[in-house]
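Consider the single chain below, provided in structure tokens and representing the form predicted on its own.
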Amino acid sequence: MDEIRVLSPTAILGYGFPVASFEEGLRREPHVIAVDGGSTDPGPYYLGAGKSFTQRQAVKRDLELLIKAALDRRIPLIIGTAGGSGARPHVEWTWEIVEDILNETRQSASVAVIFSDVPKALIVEMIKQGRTSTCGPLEGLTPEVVAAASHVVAQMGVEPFIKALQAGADIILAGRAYDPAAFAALPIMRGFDAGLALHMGKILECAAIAAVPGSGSDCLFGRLQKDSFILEALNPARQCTEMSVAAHTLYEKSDPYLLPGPGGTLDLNSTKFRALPGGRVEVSGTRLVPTPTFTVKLEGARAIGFRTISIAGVRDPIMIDQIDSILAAVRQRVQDNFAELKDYFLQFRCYGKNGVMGDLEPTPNPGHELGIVIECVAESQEVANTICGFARSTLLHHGYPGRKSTAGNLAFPYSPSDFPAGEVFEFCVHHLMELDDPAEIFSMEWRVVK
């Protein structure tokens, strides 16, 4: 086989894609359709709560097209990080959609379901053996932190996907996965260069974001050859350029030349990008450098309380000029009124005055209006509601020098003004764990729909 062709329909399953772009990709006769189903980008809530950040109707729409295309052409459909975060609840949620589609359309398929949940007892044993390490700013992993996490998943590499492909899966539905793995598994199984396959997967997993203009809701096509791969946008309104593909290679990387993953690091020091006719780009020179031990990244989230928010606008230039002292006074008033309540967190985000970057804002001058988000996180929803509501009402009527009216200081776009947001989670596990076998902790179930 001289080349292997991979069709990436969308950046995340449920983000959608134009049918015309998808059909253009099918005309190029892909050997596999692969799609990323999730990300940690939306934060820890979805992993902790076991819920998807994509909507069922949107995911089902995408899957109806993908499943039909794959089964009609007898090529595999590979889904990584199912349901947004890839824990068992997310995988099962996605499986229910897949099963519904197969039953409704009377299609048969052999589905390999791969779980990435890691037993907590195993992690604790690995901690005792010194086989876990830090990955980022968190401290070393402890049994107490593991116990507090509601779900802990590991990022699988290509190996569990390859096992499912070798066993004849029509559809692979996987839990948390290294983003490029779903795209690189078939090429690596077929003997293509692992470094190039993973680099191509790194770009394909975000689909047409790597094109100009970029979009997470459009398709991208990859052709992996012996010494290079070629990327092509499938919508005539977009094209790949050397700059866009190189820029996306830098996406979500702390080092411009090295990209670590399960079992190895992509070395981009010798990578070259070359423009081809028709808005295509050829990439070559990427190498995979194996690590001495095979490690996977663990991800876990724990509950820390409940949140309530209130959103308001400020237009008075006199108030805007004094907003820091006003908010400090409101905070003090809340503390005085609820001296018995200690375990809560209250903050004000002022959009229009350092709302995005906070103290790192290089141009701190306030605008002519502010959007203020009042947020409280507390041990119970009742306490969060109480503190946020009191802070909101205090700010609404707070007097300040130069105020000409005794009416409210805030404009509320919604009624009710306060929004109980439910449980709050934080990432507590973001560590590496050694494995003897790259596939040993990833259990697989076969689900056949006839």
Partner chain sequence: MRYVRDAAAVIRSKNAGPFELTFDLMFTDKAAYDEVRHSITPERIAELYRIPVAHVLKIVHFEPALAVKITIVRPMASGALGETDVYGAQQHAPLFELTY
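Residue numbers count along the first chain shown, from 1. Because the structure is a prediction, the values reported are computed rather than measured. By rigid core we mean the largest C-alpha set that fits within 1.5 Å across both forms.
Although not depicted, the form predicted together with the partner chain is the subject of the following passage.
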Q: Sort through 144-152, 162-170, 90-98, 350-358 and report the only stretch with a non-hydrogen atom within 4.5 Å of the partner chain in the predicted complex.
A: 350-358
Q. For the spot marked by V158, G279 and W446, is every residue within 4.5 Å of the partner chain in the predicted complex through some heavy atom?
A. no
**Q.** Proximity to the partner chain in the predicted complex, single hit among L250, L122, A275, V373 (heavy atom within 4.5 Å)
**A.** L250
Q: Name the single residue among V334, L102, V377, I326 that comes within 4.5 Å of the partner chain in the predicted complex, judging by heavy atoms.
A: V377
**Q.** Contact label in the predicted complex: G50 to the partner chain, heavy atom within 4.5 Å
**A.** no
Q) Heavy atom to heavy atom, is N365 within 4.5 Å of the partner chain in the predicted complex? A) no
Q) R307 near the partner chain in the predicted complex, any heavy atom under 4.5 Å? A) yes
Q.
Given that the partner chain is not shown alongside this chain, does A303 nevertheless sit within 4.5 Å of it in the predicted complex, heavy atom to heavy atom?
A. no
Q: Can you tell me which bits of 256-276 touch the partner chain in the predicted complex, meaning any heavy atom within 4.5 Å?
A: P256, Y257, F273
Q.
Using a rigid core superposition, assess whether S270 undergoes a CA shift of 2 Å or more between the shown form and the other one.
A. no
Q) Under a superposition restricted to the rigid core, does T105 display a Cα displacement of 2 angstroms or more between the shown form and the other one? A) no
